[in-house]
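The form predicted alone is given below as one chain in structure tokens.
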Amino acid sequence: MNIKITNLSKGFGKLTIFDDFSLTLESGSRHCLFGPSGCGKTTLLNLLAGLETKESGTIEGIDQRKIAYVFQEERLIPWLTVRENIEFVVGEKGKSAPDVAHLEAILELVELTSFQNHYPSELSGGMKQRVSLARAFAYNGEILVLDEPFKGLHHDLKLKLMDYVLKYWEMERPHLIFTTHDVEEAVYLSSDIYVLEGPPVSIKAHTQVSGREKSAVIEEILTTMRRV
């Protein structure tokens, strides 16, 4: 099911973030909202996830669908172990126990099996972000939203985390939407890149990645950004 945003308006006080903004995110694709910090990317994700309320316009294709959200900060519960943090998002007291096989598969996917009984204070920053990804994967949302999840991580670690996301996407095929201001991340992880400028937010360009040389796509996006 496509996600269709039509004539969206949203502001904070005197600051207009969206003014009659429209965008369709087709299912089966990996969508990147690309642009500089402060241009409105996170606000758009929060509107899609229902964490912010729009002033006008419509957002179709979201209702009744589970949304898994990975925030910029890890938001782990410090008194729970890695495994317990993951179990927390998929099970509640009084309800059926989490699917053990599913949890084991997720832990293995992100290479945290041997760390499942560790607490967040015992983990590196990169490992904490792996737990954040694992929680989202375990929740098994129809829509997977990632808000600059690799920000501040070194190059090799970012590649590893992006590979986890790609492996999960190949297995479950969620509607993937993520934000970044890193062009290499955008090209590596997405099939469709929307170059944003703002506020108010507008789409400077829509670039399709699939089947193209990554270096050519990067140059195209950088050229577009120089015109922003």
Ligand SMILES: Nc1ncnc2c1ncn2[C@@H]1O[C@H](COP(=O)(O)OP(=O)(O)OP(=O)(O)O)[C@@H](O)[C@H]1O
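Numbering starts at 1 and follows the sequence shown. No experiment lies behind these values; they were computed from the predicted model shown.
Heads up, the form predicted in complex with the named molecule isn't pictured, but that's what we're talking about next.
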- Item | 4.5 Å heavy atom contact, A216 to the named molecule in the predicted complex | no
- Wondering, does C39 line up within 4.5 Å of the named molecule in the predicted complex on heavy atoms? yes
- Message: So, V209 and the named molecule: in the predicted complex, are they within 4.5 Å at any heavy atom pair?
- Response: no
- Item | Contact test in the predicted complex: E55 vs the named molecule, heavy atoms, 4.5 Å | no
- Message: Can you pick out, from Q72, T81, N140, T113, the residue that has a heavy atom within 4.5 Å of the named molecule in the predicted complex?
- Response: Q72
- Any chance all of I3, S27 and E172 sit within 4.5 Å of the named molecule in the predicted complex, going by non-hydrogen atoms? no
- Spot the stretch among 164 to 172, 39 to 47, 187 to 195, 57 to 65 with residues whose non-hydrogen atoms come within 4.5 Å of the named molecule in the predicted complex. 39 to 47
- When the named molecule is considered in the predicted complex, the residues of 143 to 172 having a heavy atom within 4.5 Å of it are E148
